[in-house]
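Structure 1 and structure 2, given next as structure tokens, are two forms of the same protein chain, each shown alone.
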Structure 1
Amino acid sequence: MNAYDATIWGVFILIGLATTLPRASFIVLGNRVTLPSVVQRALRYAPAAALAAIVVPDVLLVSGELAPLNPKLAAAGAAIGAALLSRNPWLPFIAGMGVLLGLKHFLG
């Protein structure tokens, strides 16, 4: 986390722009511009695709190799199970971190 200490603020500002500009877009422009419906439909899928593209490699791969039996995948399963079975917003974090730390502890 040292190499980019000086540039990290620039990264924050660019992520901030990539957030505020889409948010403010039509609120500021008003109804002078409208999105074609194909574009609107395509945009709906971007968050799901991006979230999965970040998360799935993180839990399936260990140093670049497919590892179907790693603690992170088990922890992910526990977190998803907790999220599906309970409305408690804390439970996925407790279950996921519990399984991850438990397995890491016992597997050394």
Structure 2
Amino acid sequence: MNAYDATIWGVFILIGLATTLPRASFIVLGNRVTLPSVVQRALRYAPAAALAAIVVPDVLLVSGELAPLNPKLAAAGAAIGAALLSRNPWLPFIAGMGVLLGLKHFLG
């Protein structure tokens, strides 16, 4: 094994530890350690932040460039509006897909 191979294996091991140890700490430590209330409040927003990080670039970017006026953005607005106005879980999907497909059909 040469130095390059050893470096690559070292990086693999460090990356594995860096991802495993924080996750395992919650399992191993359990209720013995409590997070500060500020951290607990901040963690409540983690799922929404992760979802926004996935969805927003797809809605705003077209072919890798910022396109503020595009059918995906209008469909996202329709879905958000439908979600705010109704408690029906299917209505945002139907509204968003309807606007997206309608605009794509009419705009080409």
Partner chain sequence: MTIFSSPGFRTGAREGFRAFLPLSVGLIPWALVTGMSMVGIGMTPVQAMGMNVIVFAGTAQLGTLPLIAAGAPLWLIVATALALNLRFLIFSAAIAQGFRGLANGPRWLSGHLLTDGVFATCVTKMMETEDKDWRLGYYLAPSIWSWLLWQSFALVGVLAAGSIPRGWSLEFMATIALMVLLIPMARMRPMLVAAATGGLTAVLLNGLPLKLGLFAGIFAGIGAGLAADHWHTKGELA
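Start at 1 and count along the sequence of structure 1; that gives the residue numbers used here. Since the structure is predicted, the reported quantities are computational estimates derived from the model, not experimental observations. Definition used throughout: the rigid core is the maximal C-alpha set that superposes within 1.5 Å between two forms.
> Can you tell which of the two structures I gave is the form predicted together with the partner chain?
Structure 1, not 2.
> Aligning on the core only, does the CA of residue 12 end up 2 angstroms or more away between structures 1 and 2?
Moves: yes, 2 Å or greater.
> After superposing on the rigid core, how much does the Cα of residue 25 shift between structures 1 and 2, in Å?
Value for residue 25 between structures 1 and 2: 8.9 Å of C-alpha shift.
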